[in-house]
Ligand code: ARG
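A single chain, nothing else alongside it, follows as structure tokens in the form predicted on its own.
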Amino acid sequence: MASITTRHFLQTAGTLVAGLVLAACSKQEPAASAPAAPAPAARIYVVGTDAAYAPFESQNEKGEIVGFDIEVVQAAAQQAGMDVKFLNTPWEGIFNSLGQGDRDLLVSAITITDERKQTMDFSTPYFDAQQLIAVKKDSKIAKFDELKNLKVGVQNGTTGDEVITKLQGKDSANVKRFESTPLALKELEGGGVDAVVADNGVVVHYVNNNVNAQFKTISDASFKAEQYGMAVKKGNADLLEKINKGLAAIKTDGSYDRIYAKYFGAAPAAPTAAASK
């Protein structure tokens, strides 16, 4: 066997070490796997409501928004696979909040009218309503025409406001406008107005829950039937389809009737049909 000199051994060893180092340096590390993308958050639709119109919408002692309208939306949204949250929105600015995109949907005992249809779209109707007159029990008022020259309280911008303005004239100083119907009824209780004209649901609820006010209610044949609808921004067909799908489902499965009976004592007499606060 040939002898290996120290120098040759060192050269050979150095070459081997260098090769091992280069091999180690050139070895590819396995690529780290990218973290899984988080699932997109579910869309939450913002619902505007003027929570001062019991039993349709109001705030309880905890500050929670509750009422007939709220439960109808919640039930319909669940059927349509939607997540919703409610934001208290003053009536006077509620339609602007929809037009500006601050609210996706409005539910606030909103009567469907031809004028409103020009700037927003409505769901299928979900509640039948009619104007009602509230007066003191000892009042001699018996019909709507007798309010012609009297002081009448209404909620500003509602259909009650519209009918009394039409009766008395747009410049009448006797039309007293309030931010909410309960405020108008408080004014009646204090003698500041002779009558209040507002939707039947809220008037009956107030009278039944404020017996010491000593009110009575008067219906009038001249009052046209009205219907409430949920409002979406003009042209938002996708959201409108979801809402209508949910409403149809809760009317079919009995959920709507149960909610109605909870707030009004019995299921509605007949299904809501299309027609015109």
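A residue's number is simply how far along the shown sequence it sits, counting from 1. From a predicted model like this one, the values you see are computed outputs, not experimental measurements.
A second form of this protein, the form predicted in complex with arginine, is not displayed here; the remarks below concern that form.
The contact residue chosen from Trp91, Phe127, Phe178, Phe144 relative to arginine in the predicted complex is Trp91, the criterion being a non-hydrogen atom within 4.5 angstroms.
For the options Val196, Leu105, Ile164, Ala109, the one in contact with arginine in the predicted complex, meaning a heavy atom within 4.5 Å, is Ala109. This chain is displayed without arginine, yet in the predicted complex the stretch 49-57 from 245-253, 49-57, 209-217, 232-240 comes within 4.5 Å of it by heavy atoms. In the predicted complex, arginine sits beyond 4.5 Å of every heavy atom of Phe68.
Under a 4.5 angstroms non-hydrogen atom cutoff, arginine in the predicted complex has Arg116 among its neighbouring residues. Proximity of Thr159 to arginine in the predicted complex falls within the 4.5 Å heavy atom cutoff.
Of all the residues from 215-248, those having a non-hydrogen atom no more than 4.5 Å from arginine in the predicted complex are Glu226, Tyr228.
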